[in-house]
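Shown next as structure tokens: one chain only, the form predicted on its own.
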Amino acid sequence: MVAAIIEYNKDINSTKDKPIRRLLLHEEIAQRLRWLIFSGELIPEARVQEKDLCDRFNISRTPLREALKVLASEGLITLLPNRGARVTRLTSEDAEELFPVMGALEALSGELACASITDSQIAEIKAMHYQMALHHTRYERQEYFSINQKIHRKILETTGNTILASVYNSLAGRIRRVRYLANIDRARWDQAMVEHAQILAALEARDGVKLAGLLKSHLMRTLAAVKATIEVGSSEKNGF
């Protein structure tokens, strides 16, 4: 009996800090919905068809609605009181407001990272860069984008600045969508890879001033590409 109690307590202690399965489920659903939005399968201003998505993912409405709340906090979904949700339309004005802020945050993260980054952290980012380059060569957009985001986040993490991370993370969901839009154009995608190679070189040299400038200019070039994509989409919508 005593042995059984000891084993029971071990089980409790080993699982009490683990995430509840429902949390993992709604996070997974949120990730899938992001890609449906990024890829254009869920189009801007379209109503979210909850029943169809529940059938598609074989889930109940509870984790779906939790996922929609996450996407609403990222600006991807607009919740309609008692009327469900719709996909938020991204405008050029939205991008113009967001990018200078994110550019300043990324520039600061680059400058701070160079002052504290370790050799092992640089090696990790370098490995991710080469993996990202492979996906670029294979035209594997989703895989490329996923690692791209990890690289930017890893540079931020190496600063060890929790306040910077908190502010950055509050806007990260919004920036993911617009960054994905920028790489729809192959020429911009190729240019982005060249810029990332320059970013990696500055990081390896621990040149904080140069890295800050590269990260900021990288983001502002992305802004130009995003605005061009948005304008093309608006013209097509209006029949121009």
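So that the term is clear: the rigid core is the largest set of C-alpha atoms that superpose within 1.5 Å between two forms. Just so we're clear, the structure is a prediction, and the values are computed from it rather than from any experiment. Residue indices: 1-based, along the sequence shown.
Keep in mind the form predicted together with the DNA is missing from the figure; the text below concerns it.
- Only one of 30 to 38, 63 to 71, 206 to 214, 193 to 201 lies within 4.5 Å of the DNA in the predicted complex by heavy atoms, and it is 63 to 71.
- Interface membership of I43, defined by any non-hydrogen atom within 4.5 Å of the DNA in the predicted complex, is ruled out.
- The DNA is not shown here, and in the predicted complex it never comes within 4.5 Å of any heavy atom of A127.
- R83 belongs to the set of residues with a heavy atom inside 4.5 Å of the DNA in the predicted complex.
- Within 4.5 Å of any heavy atom of the DNA in the predicted complex lies no heavy atom of V178.
- The Cα position of A46 differs by 2 Å or more between this form and the one not shown after fitting on the rigid core.
- Once both forms are overlaid on the rigid core, the distance between the two CA positions of E66 between this form and the one not shown is 2 angstroms or more.
- In the core-superposed comparison between this form and the one not shown, I29 has its Cα shifted by at least 2 Å.
- By 3 Å or more, the C-alpha separation between I29 and L164 shrinks in the predicted complex relative to the form shown here.
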